[in-house]
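In the block that follows, a single chain appears as structure tokens, in the form predicted on its own.
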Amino acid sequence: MKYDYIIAGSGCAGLSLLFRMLKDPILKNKKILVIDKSKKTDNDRTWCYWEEGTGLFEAIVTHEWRRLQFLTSEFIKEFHLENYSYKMIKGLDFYSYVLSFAEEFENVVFKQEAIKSIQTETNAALVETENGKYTSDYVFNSTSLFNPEINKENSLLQHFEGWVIKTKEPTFNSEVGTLMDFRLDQKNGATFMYVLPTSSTEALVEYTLFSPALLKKEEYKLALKEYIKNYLHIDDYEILHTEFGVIPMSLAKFSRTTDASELIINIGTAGGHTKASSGYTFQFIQKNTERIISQLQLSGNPNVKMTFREKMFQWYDRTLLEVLISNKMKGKEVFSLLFGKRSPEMILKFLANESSLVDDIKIMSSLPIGPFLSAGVKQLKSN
């Protein structure tokens, strides 16, 4: 049997695309195959992002904040978001929401199989698994099959361990989230904490680093314990949930398609939709999958070409990452200068690729020209 579309990988990108397809009056009738080696039954991650207004997945937003704070040893900045809300979605809520919706469609088939290869043949895309071969008009791939080489010369790793903790007494202000707390030892690279309270007694506390290598497992736990005790001043708490993750922050080029026929479209991190300088992924996936649906509606061809403005943002992103990788400036120094000089909402716009050219210039003028000019020229030459 030939399918209209195969979605290889049922993580955030694959399921976001599936959900949007099934919401479309025409595409919802297409024959769709979703392949993944594992079932999505674990709460394996938490996505945080900011957006204006009500989004597609508003029904499963765990909590949102209109007030955030940024902290360093030199200053503390608390701010109110005028246009954005900072939102949290739990992985299991997302998986369950999309999968239960997809169950209503007999034309959607799920297979739990390990993918061995994805390739093209005459006018079709072919996915081979441990159990068989499947063909379709297009394959949307979010697996790591086509990922470029990630190494210490071209990449940093964003790695983190997060704990959802619960206290016996009211402790947190659930209206204020800590976006970055840099009051930590920076010996391992850019190092900060997120603190996102969802009630007066419950919060996600996450220890995050941008560095070339992972730490030993016990170091993440020790850092979290010390922060909760010494900075949050909490001694008595219960750990409800833990999560660990690693996100590549890389100058390596992730291709949006894998061959000249453009029948295999890479989505999610595989398609370069993880923002290299920050690791944010969820909202970039939503923008990309929305554009894929628009392309399918217009022409039946799902390939999304990069706009000039997108290329500019990619250059900004690569320049900042080059500065961090080459150690021209520390991450704490860069973000402290930005939050110290500019409106936090402008910074979030910039990080979301939604700022104006005037905003871009203001952001860049907040930073020393020397390290960023040399890094920017190097990245222009590398393209």
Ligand SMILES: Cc1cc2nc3c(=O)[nH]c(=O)nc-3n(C[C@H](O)[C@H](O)[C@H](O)COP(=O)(O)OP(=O)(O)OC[C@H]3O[C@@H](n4cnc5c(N)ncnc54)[C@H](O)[C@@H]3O)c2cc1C
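Throughout, we count residues from 1 along the sequence that is shown. The shown structure was predicted, so the numbers you read here are calculated from the model rather than taken from an experiment.
The same protein has a further form, the form predicted in complex with this ligand, not shown here; the description that follows concerns it.
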Does the trio 13, 269 and 281 actually contact this ligand in the predicted bound form, every residue with a heavy atom within 4.5 Å?
yes
Ok, 48, 320, 347, 68: which has a heavy atom sitting within 4.5 Å of this ligand in the predicted bound form?
48
Of 139, 156, 285, 203, the one that lies within 4.5 Å of this ligand in the predicted bound form (heavy atoms)
285
According to a 4.5 angstroms non-hydrogen atom cut-off, is residue 134 in contact with this ligand in the predicted bound form?
no
Should residue 213 be classed as touching this ligand in the predicted bound form when contacts are defined as heavy atoms within 4.5 Å?
no
Can you work out whether residue 44 and this ligand are in contact in the predicted bound form, taking contact to mean some heavy atom pair no more than 4.5 Å apart?
yes
Would you please decide whether residue 38 lies within 4.5 angstroms of this ligand in the predicted bound form, comparing each non-hydrogen atom pair?
yes
Residues in which of 214-222, 251-259, 164-172, 139-147 have heavy atoms within 4.5 Å of this ligand in the predicted bound form?
139-147
Which residues within 303-322 place at least one heavy atom within 4.5 Å of this ligand in the predicted bound form?
none
